[in-house]
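This document contains two forms of one protein chain, each encoded as structure tokens and listed individually as structure 1 and structure 2.
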Structure 1
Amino acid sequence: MIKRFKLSRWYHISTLSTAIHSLFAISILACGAPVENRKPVTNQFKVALVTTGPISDQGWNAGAYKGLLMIRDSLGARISNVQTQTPAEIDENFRQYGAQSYNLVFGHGFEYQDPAIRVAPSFPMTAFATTSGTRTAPNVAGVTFAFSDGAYLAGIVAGAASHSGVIGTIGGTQVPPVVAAFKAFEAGARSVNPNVKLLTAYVGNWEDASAAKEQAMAQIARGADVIFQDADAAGLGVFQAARQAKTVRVIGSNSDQNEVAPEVTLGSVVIDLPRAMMMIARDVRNNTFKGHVYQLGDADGVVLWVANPKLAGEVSPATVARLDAAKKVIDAGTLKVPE
């Protein structure tokens, strides 16, 4: 794993004309000018992952890194990962990977769509895939997940489990996929208890666990006894707050977070990111990749509700039956989950 890298340089110079040609090529790469018909400098399959948060978050970014490792182990790929500290770094990192002839670059998050569209034309031999993205180009694919379906099921659990009739949602930033998930969560809860009250807060970033804990404690003080978090590393603070309160329950997101705090976690809305990333990597490897939107959900085995078996006794048989019935109508397409 590397955090930063520099563009390749050619140092072997046999003639003056070769030196001039090499220096000219370097200047083109450094300026990000269009590069046509580029061929990989090696036959090894190379895949990169760019994230906005740390891969130690036990959630969104950790799941993507597991996918990167699976691609390495299953396809023999050379891999690299970098975390962007500022939005300005996204274009730079995409260009660096393109200049190093990476076959596939994942931009892990809604924020990566526009940078991918800007950079991709300069590196037509590199495929770019943005998760939670819908914008496409000849070598740019979006990947959308039916996360709202899983969030709706989580809402059913929360609505049934809440004793106070007050539930909470805490997100990292107010991006459309998170907003949609919270609306679906609320709808699921109201299908059980039409009078349920929803509290919503956003941390403002994806890393500040202390701020997320404060948000959770504020919601708990207002009566929330079940909180659904979708805040990556920051979301770990929600588990800390629930542990401190003891009677509050948490619902995890993106990865199976049931073991983060098993004594307070009812379950997790899981995106099987390794499975999704492998689908795309195989398409690139097999030269069948196309710039389109991969729409993945329960039917693809990518999005699912995973109950915490250690708290199974807190979810009644009636709620389990309601979950099964809701899942069937969602899969059949007869229930439109609000987004």
Structure 2
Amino acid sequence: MIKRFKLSRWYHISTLSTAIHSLFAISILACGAPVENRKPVTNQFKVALVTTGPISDQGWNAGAYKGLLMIRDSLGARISNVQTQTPAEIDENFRQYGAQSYNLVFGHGFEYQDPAIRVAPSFPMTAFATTSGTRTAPNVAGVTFAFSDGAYLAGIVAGAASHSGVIGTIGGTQVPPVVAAFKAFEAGARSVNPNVKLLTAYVGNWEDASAAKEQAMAQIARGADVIFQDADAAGLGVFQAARQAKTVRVIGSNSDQNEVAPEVTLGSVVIDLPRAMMMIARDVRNNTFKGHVYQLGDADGVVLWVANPKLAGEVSPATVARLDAAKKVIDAGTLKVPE
């Protein structure tokens, strides 16, 4: 009974508002076009984020979620996010967001570019942006990050901070962006200490923190005293290993991980995803969105070296000066960070 009462009351209100809306619409339009009057006149800006992993990973996906929240707060957008477990679910979610006329859909990973290209023609009013993607269409943009810019700077710090002359890198899986980042890291370290020895290991996935911890302990046993991790959620295991070893230092990736283990973290190579996402959302909002590849790096303020203030004492003024010099060269585009 109660349910029915509420329902009928809601019905009355909605018919009333519908009537008001139609009056408005008719008076504005004057001519007798068929009026779809259930929707408010102003269309709300709607933005969605699709990730392959949980937004609680304190890394890659968490950063994107932060960006989504920023878009909500500063552009007043309605937001939605979903985690896809399999490639099969990607098309489904893209289509659903397209059908609900979202203005912008972020696919956060390379897996999203083929589905975006496939789905986009059916939803010309929706812009799709895929991070790490390089394929484009009129309403599909790719977003790539010059992560190597930051990795090179991290290498300078690591090369200066290492006492043993052995530094480690631990990646999730051996994908080209990670391989490129480690090469840039090595080049940065060699610019300080040409004899530095680099150890590299891959966890095999992006989630297994205990496997990453084992890899880190193996590298520590071989003398590594600075480890750069780019392994997403698995990378948290590297911090644990360093905490146990005490004298070993870690460099974080993708988001500011300095607070994960402040006593052992020298700094983080941060991709300012929120900033990048805001840039694209603004473009969509201002109708200046183009289906091209957004290439964002240190010069755009999107890839940054963020030092951990708590361990600032461990980085010498000479190293800081070296960092500033390298940054200038990178921003001017004259330093060739190895690919």
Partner chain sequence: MTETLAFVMDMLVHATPLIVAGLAVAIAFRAGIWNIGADGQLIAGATAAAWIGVSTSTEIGWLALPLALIAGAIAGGAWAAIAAWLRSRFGVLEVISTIMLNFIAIYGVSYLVRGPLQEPTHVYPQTSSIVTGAHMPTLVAGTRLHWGFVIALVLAVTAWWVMRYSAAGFRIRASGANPFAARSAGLINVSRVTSVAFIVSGAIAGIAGAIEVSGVTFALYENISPGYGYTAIAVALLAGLNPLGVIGTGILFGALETAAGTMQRNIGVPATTASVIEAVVILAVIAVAQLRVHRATSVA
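Every value quoted in this text rests on a predicted model; they were computed, and no experiment measured them. For the two forms, the rigid core is made up of the largest set of C-alpha atoms that agree within 1.5 Å on superposition. Please note that residue numbering is based on structure 1, beginning with 1 at the start of its sequence.
Shown as structure 1 is the form predicted alone, with the alternative form given as structure 2.
Comparing the forms between structures 1 and 2, the C-alpha position of Q219 differs by less than 2 angstroms, with the core used for superposition. Annotation for D73: C-alpha shift of 2 angstroms or more between structures 1 and 2, rigid core superposed. Rigid-body analysis between structures 1 and 2: the smaller part rotates 12° against the larger, C-alpha superposition.
At A116, the distance the Cα travels between structures 1 and 2 is 3.3 Å after the core is superposed.
Summarising the core-aligned comparison between structures 1 and 2, the C-alpha atom of A99 is found to shift 5.2 Å.
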